[in-house]
Ligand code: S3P
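Take a look at this single chain in structure tokens; it is the form predicted alone.
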Amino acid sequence: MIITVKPAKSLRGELATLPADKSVAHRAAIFAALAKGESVIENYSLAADPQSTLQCLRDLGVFVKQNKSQVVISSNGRLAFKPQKTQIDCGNSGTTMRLLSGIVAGAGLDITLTGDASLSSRPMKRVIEPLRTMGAKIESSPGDRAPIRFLSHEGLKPIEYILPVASAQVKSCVLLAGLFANGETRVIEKLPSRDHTERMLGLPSEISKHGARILKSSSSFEVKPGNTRVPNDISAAAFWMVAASIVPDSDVKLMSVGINPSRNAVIDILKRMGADIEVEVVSGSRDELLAEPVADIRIRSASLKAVQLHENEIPNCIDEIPVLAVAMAFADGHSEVRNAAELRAKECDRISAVVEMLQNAGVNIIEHEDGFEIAGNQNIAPKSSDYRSFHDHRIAMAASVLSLKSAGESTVADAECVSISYPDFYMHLSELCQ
């Protein structure tokens, strides 16, 4: 599907129905499957990736009932999985495959996790290695990629694992596998990554004398059922934060957005750039069923200045970097993103995709192995272009935001990929542009 995006004179309005947070939704469903009893999840994401997680849980023998955005999960606990298939399809979802790898390995199930062509090209060595160290028997495709076959074993042993990269998915995979091991598994995190797993499960943690965070799990830890509500996704909100900042005469309000401290760097970065952003923390019962802070966010257009991203904030904003690059194009001065090589291992090589996107618009950008440099100018008039999405939802949406500032109409190819995380993106774009 090719989408045509027209330049916008302003963006105005309120979005109350942003997509639910995918990271939280995945985990809420998976953790409910580990608990003995019934759990109810409200505002569950209807995007393709979290739906893949629900189907995978069904294929593992877990009762899952869905009515629009409400999901009911009933389970007999972490030792009661009864796979209905020998091959379980994770679709395009790396989170699904990496988190389920910890559970499948821990439970000693004899099944294969598969995915689509994009997922099968992404690195899985980062979860396979620690799971093998714990005693899991795993066979993989060349290059330690999917499909991944898990074989039954005699049980996992606990390990102490120092994360080689700041990755919430790897951290979560090892901690989830640790829930099946006799003894304490310790994951040591030198650079912070998203903390949804430990926050939602309530896993014990401590800080080492060197400042690293040590997270712990074991088979004695009880995962409890309960009722939860998923906040709206800050990664989806980031596209409107940037769009409203760069398009003149804009005023946009985003409701019930999750502002988890390990996810909200995009707000701090845009504020450093001079963005006009107001964050009103929500109190009361609207979204307090999870241990996740929530806020209403108002953004008005502003003059932006260049920014350099710090190494320790890269994991906190890794998914927002493509659209932050668009903001950098309209910020006066020299912006730089480094230590972000992880972007090359996403749904596509997001570094090269961002470079091509901005070059097509006439922006001066230099590519590095671990990032890029942008010579920005708030008065730049981007050329209209025919953008490639690379079948990556975040690239498609970033290109669409960029197109709002172009001199004429631009197109985005294979734009249907936005359904992976934000099925209503183009409908919301149309509403805000009216």
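Numbers follow the displayed sequence, beginning with 1. Only a predicted model underlies this, so the values are computations on that prediction, with no experimental measurement involved.
We do not show the form predicted together with this ligand, though everything after this point is about it.
Note which of Ser118, Gln169, Thr114, Asn360 lies within 4.5 Å of this ligand in the predicted complex, where distance is taken over heavy atoms; exactly one does. Contact with this ligand in the predicted complex is made by Gln169 alone.
By the heavy atom within 4.5 Å rule, which residue out of Asn264, Asn339, Thr95, Ser74 makes contact with this ligand in the predicted complex? None of the other options qualify; the answer is Thr95.
Examine Arg194 and determine whether its closest non-hydrogen atom to this ligand in the predicted complex is within 4.5 angstroms. Because a heavy atom of Arg194 falls inside 4.5 Å of this ligand in the predicted complex, the answer is yes.
So in the predicted complex, is this ligand close enough to Arg186 to count as touching (4.5 Å, heavy atoms)? Close contact is absent here: in the predicted complex, Arg186 is far from this ligand, nothing within 4.5 Å, heavy atoms only.
Is there any non-hydrogen atom of Asp319 lying within 4.5 Å of this ligand in the predicted complex? Yes.
Could you tell me if Arg126 has a non-hydrogen atom within 4.5 Å of this ligand in the predicted complex? Yes, contact at 4.5 Å.
Looking at 23-31, 365-373, 379-387, 51-59, which one sits within 4.5 Å of this ligand in the predicted complex if you count heavy atoms only? Looking at the partner contacts, the answer comes out as 23-31.
Using a 4.5 Å heavy atom cutoff, which residues in 374-407 contact this ligand in the predicted complex? It's fine if the answer is none. Contacting residue: only Arg394.
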